[in-house]
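In the block that follows, a single chain appears as structure tokens, in the form predicted on its own.
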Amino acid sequence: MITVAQVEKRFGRVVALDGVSLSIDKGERVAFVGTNGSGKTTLLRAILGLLRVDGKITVCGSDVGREPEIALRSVAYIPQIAPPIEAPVGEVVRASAALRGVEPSAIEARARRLGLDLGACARTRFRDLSGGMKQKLLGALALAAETPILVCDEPTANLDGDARAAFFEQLAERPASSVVILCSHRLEEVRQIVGRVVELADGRIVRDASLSELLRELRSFRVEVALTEAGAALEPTLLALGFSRSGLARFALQVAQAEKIELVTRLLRDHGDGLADLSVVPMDDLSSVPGNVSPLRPKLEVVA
């Protein structure tokens, strides 16, 4: 449904996008992630035809640069920064409903689920709404459009917990064939809705993987060891490796997935005789342990 081919964008000497290529197929839920300045918002804006870029972007087979009025019929957008619209809320709702061919009542229903009463603020200028109210209205407008593609740039940044939950409930109700592109700094949001993660850095795609693959790489573990009497001399070695004391003759260290196997292999190979116990516990399993302390398991058992 969306193809991006060798897209580049410069702002003066700053390279915002550097030869970015990807495709997003029907039914995919994709997260764009990266630090500030990585290029993710620039890429979103390029897909939406809000920026002129070098390269080619198509949406549903139409070239965004040459025929945006056709390409973008299938797209709804929730921006990170609300536009400074002077018109009253009621007019904004009526105009959006007419452009999208939906009833104003459909927008009102979406807004109500997000905790916004459009009747109570119909005469208020959009720009005079609070940040949270603006975000709820923009979300309601995009959701009510029921387009095949929904693009969201930090869509819940100004929402309270109830509104955030209601927003994701409505996302979950979208047809399985629809595309959702989500740009967010909240990992819990990514985990709820997407199946694919595209990570950008310095204007380039540095990772394009399934969410499950990414979470496996990012998952952290607590490695805990207990020393025998004879192994007490290992204490300086463990401290040098980054371990900290967790009890009498016990030491613990938090490591990432990629480090786990190498560390455990090294401990067993070089210092196994001095270990009375070794355990590896996923950090997300620790929430069920009283006091958030990893239990020591039978000798040299590795759980993960």
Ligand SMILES: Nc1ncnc2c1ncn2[C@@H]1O[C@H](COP(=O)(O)OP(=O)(O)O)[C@@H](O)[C@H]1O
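In this text the structure is predicted, and so the values were computed from the model without any measurement. Residue numbers here begin at 1 and follow the sequence given.
This next part talks about the form predicted together with the ligand, which is not shown.
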- Answer key, the ligand contact in the model of the complex at 4.5 Å (heavy atoms) among Gly55, Gly27, Pro68, Gly37: the residue is Gly37
- Just one of 58 to 66, 234 to 242, 273 to 281, 38 to 46 has residues with a heavy atom within 4.5 Å of the ligand in the model of the complex, so point it out. 38 to 46
- Query: Taking 4.5 angstroms as the cut-off for heavy atoms, does Ser178 touch the ligand in the model of the complex?
  - Reply: no
- Message: Ala16 versus the ligand, in the model of the complex: is there a non-hydrogen atom within 4.5 Å?
- Response: yes
- Query: Quick one: does Gln170 come within 4.5 Å of the ligand in the model of the complex, counting heavy atoms only?
  - Reply: no
- Message: I'd like to know whether Gln80 contacts the ligand in the model of the complex, with contact meaning heavy atoms within 4.5 angstroms.
- Response: yes
